[in-house]
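Quick setup: one chain, the form predicted alone, written in structure tokens, and binding and motion questions come after.
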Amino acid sequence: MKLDGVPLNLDVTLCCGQVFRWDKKGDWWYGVAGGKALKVRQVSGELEFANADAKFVETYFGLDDDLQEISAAVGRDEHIRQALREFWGLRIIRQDPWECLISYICATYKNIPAIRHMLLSLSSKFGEKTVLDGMEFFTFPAPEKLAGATAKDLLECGLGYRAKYVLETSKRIFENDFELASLRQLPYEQAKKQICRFAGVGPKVADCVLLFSLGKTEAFPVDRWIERVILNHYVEKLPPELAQKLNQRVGLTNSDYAKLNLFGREYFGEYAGYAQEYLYHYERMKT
């Protein structure tokens, strides 16, 4: 697939913390998406891939998002402009909403290697095996598979206290035949309220699912890295009492989260999620 000037940095897109089941082997990235194993690599102005069709690849990697327009919209200050320059071509991946939801429930208070381990364990235990280039991969388990699991099964996958949340959410989605994709049709706030009704989903998890799988580019997840960004570069734009609280490092309440989330959405606008991901990755890579 010729990119024809469409900016893409595949390496940054796949290693910036938004997805957890891709690995680079030699020049190729191998992952499981759309219910099958696939591989992809970027060579100069082309994107090469196998075991997927061009439309899926274009949609999955968000190649139809206009990065020039997004950059112009969010580039309101020198710090975000520097992040955009540094990691130009980073794309928001359009993940499967179900896998994204379970992934971010598992991600709570865990680092990326631990998240990867949990998701690999879940997939190898409950998913379907597939082979590509002589290597085994496992599809992400469907809701009915996890709904039929026992708490012990999930604990053996390393989920810890998250096991009960994954089990409860899986049962609710399976038993009610709930289509997470239907939330794309709702406004941001309504969709967020719906997602927050699932076990193990707080405002940050909900924002991640909205941004990384449901097309809500105005979502602005706030974690410790984004809190640090705001404290170091945008604190003068916050209410004084909130700025003082952040400086005291007392942790974020849901109310504080809502205020920082609102700041991000109001300051960066309809593409706040893109600003968030560039700022997040820029902060992590500087540390």
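Source: prediction; values computed, not measured. Residues carry their position along the shown sequence, with the first being 1.
Not pictured, yet referred to below: the form predicted in complex with the DNA.
Engineer: Which one, 273 to 281, 260 to 268, 6 to 14, 21 to 29, holds residues whose non-hydrogen atoms are within 4.5 Å of the DNA in the model of the complex?
Structural biologist: One stretch meets the cut-off, namely 273 to 281.
Engineer: Even though the DNA is not shown here, does residue 234 get within 4.5 Å of it in the model of the complex, heavy atoms only?
Structural biologist: Contact check for residue 234: no, nothing within 4.5 Å of the DNA in the model of the complex.
Engineer: Considering only heavy atoms, tell me if residue 226 and the DNA come within 4.5 Å of each other in the model of the complex.
Structural biologist: Answer yes; at least one heavy atom of residue 226 falls within 4.5 Å of the DNA in the model of the complex.
Engineer: Looking at the partner-bound form in the model of the complex, is residue 108 within 4.5 Å of the DNA by any heavy atom?
Structural biologist: Yes, residue 108 is a contact residue.
Engineer: Should residue 113 be counted as a contact of the DNA in the model of the complex, where contact means heavy atoms within 4.5 Å?
Structural biologist: Taking the distances in the model of the complex, the answer for residue 113 is yes, it comes within 4.5 Å of the DNA.
Engineer: Would the DNA be touched by all three of 199, 203 and 245 in the model of the complex, meaning a heavy atom each within 4.5 Å?
Structural biologist: Yes.
Engineer: Of the residues 97, 75, 158, 141, which one places a heavy atom within 4.5 Å of the DNA in the model of the complex?
Structural biologist: Partner contact (heavy atom, 4.5 Å) among the options: 158.
Engineer: 126, 165, 87, 188: which sits within 4.5 Å of the DNA in the model of the complex by any heavy atom?
Structural biologist: Filtering the options by heavy-atom distance leaves 165.
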